[in-house]
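Just the one chain here, laid out as structure tokens, in the form predicted on its own.
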Amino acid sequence: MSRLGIFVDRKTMSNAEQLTALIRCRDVAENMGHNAEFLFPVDINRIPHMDALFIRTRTDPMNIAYVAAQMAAFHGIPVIDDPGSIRVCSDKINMYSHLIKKQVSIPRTVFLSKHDLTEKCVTRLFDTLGTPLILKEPSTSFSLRVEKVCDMDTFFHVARRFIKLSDWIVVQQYVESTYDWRIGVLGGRLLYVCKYTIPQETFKIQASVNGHIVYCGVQSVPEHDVPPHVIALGIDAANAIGNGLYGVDIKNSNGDACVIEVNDNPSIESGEDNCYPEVFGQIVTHLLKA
């Protein structure tokens, strides 16, 4: 019997949807004949005694989950998410550089340093990338520090705020759409597909509007109802990062698909897997085979 550790924290377990998904994952592993147990940060020293580790909490390098991933990798224990994927996906400069290197389609993208924040440079960006522009602070997650700007003054206001947090910022062409495709990929193969419908109040899948958080709608979509080039692009994007578990966000505007983000710790608790009941079984198998 193999031992699967599911690394969580109290915030993860306090969310009803996430808790339900975690219990389902544990039950799937145990029905497959394995022993699955939840590990909290206080249990981190038990990781070397596991046969595999599945991290289900925030995974940026400043979080304890990254230490857990590093510990598993050091002891040769298969882990999702692996430290390399966490490092790449937590830094959008790094992530987009990987996609560009592998010639994966993304919106037209420019990286700016504080020395580039000149009127001449910004004017050229509006001329070449169009209006509006999307500005991103590289360490952002959950759509935080992602802003749409339509004029020079707003651009400088947002950019100067972001540049205090990072040496670089990302500037991208705006791609309009009412939904994003989310392509779940595991080990270079399709895991699930869903649509994230963008709330009317914003252009992001999650945003604060008038002091209230609004979330995207989630619709699980069968593979046969998804444009094949969207699936292929999602797999290519995931392979540009690594061989783990990824959620690739894609916009398919007028048939021209482009990758918006690659997430190393995709959510699987809001109905993303409704059309794909074997998701957790495939993850458990992938980890314990490794």
Partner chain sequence: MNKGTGSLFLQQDESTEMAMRSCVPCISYAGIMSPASPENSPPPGKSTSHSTSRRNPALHRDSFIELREGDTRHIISENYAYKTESYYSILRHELDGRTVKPSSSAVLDAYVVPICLERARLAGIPVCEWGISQGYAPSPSILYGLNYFANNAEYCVAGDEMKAKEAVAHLTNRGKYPFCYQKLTHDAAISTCIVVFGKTTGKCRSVEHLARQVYDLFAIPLVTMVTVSNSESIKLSSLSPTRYSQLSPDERTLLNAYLHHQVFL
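None of the values given here were measured: they were computed from a predicted structure. Residue numbers count along the first chain shown, from 1. Only the largest set of C-alpha atoms that superpose within 1.5 Å between the two forms is called the rigid core.
We do not show the form predicted in complex with its partner chain, though everything after this point is about it.
Using a 4.5 Å cutoff between non-hydrogen atoms, T154 does not count as a contact of its partner chain in the model of the complex. Though the partner is left out of this view, K120 does reach within 4.5 Å of its partner chain in the model of the complex, counting heavy atoms only. At the 4.5 Å threshold, heavy atoms of E223 stay clear of its partner chain in the model of the complex, well away from it.
The closest heavy atom approach of L144 to its partner chain in the model of the complex falls outside 4.5 Å.
Three-residue candidate spot K148, P277 and Q282; no residue lies within 4.5 angstroms of its partner chain in the model of the complex by any non-hydrogen atom.
With its partner chain omitted here, the record of contacts in the model of the complex names 38 to 46 of 261 to 269, 224 to 232, 25 to 33, 38 to 46, defined by a heavy atom within 4.5 Å. Taking a 4.5 Å heavy atom cutoff to its partner chain in the model of the complex, the contacting residues in 244 to 272 are S253, D256, C258. The Cα shift for T12 between this form and the one not shown, taken after rigid core superposition, is 2 angstroms or larger. Between the C-alpha atoms of T12 and A29, a gap widened by no less than 3 Å is obtained in the model of the complex, as opposed to the form on display.
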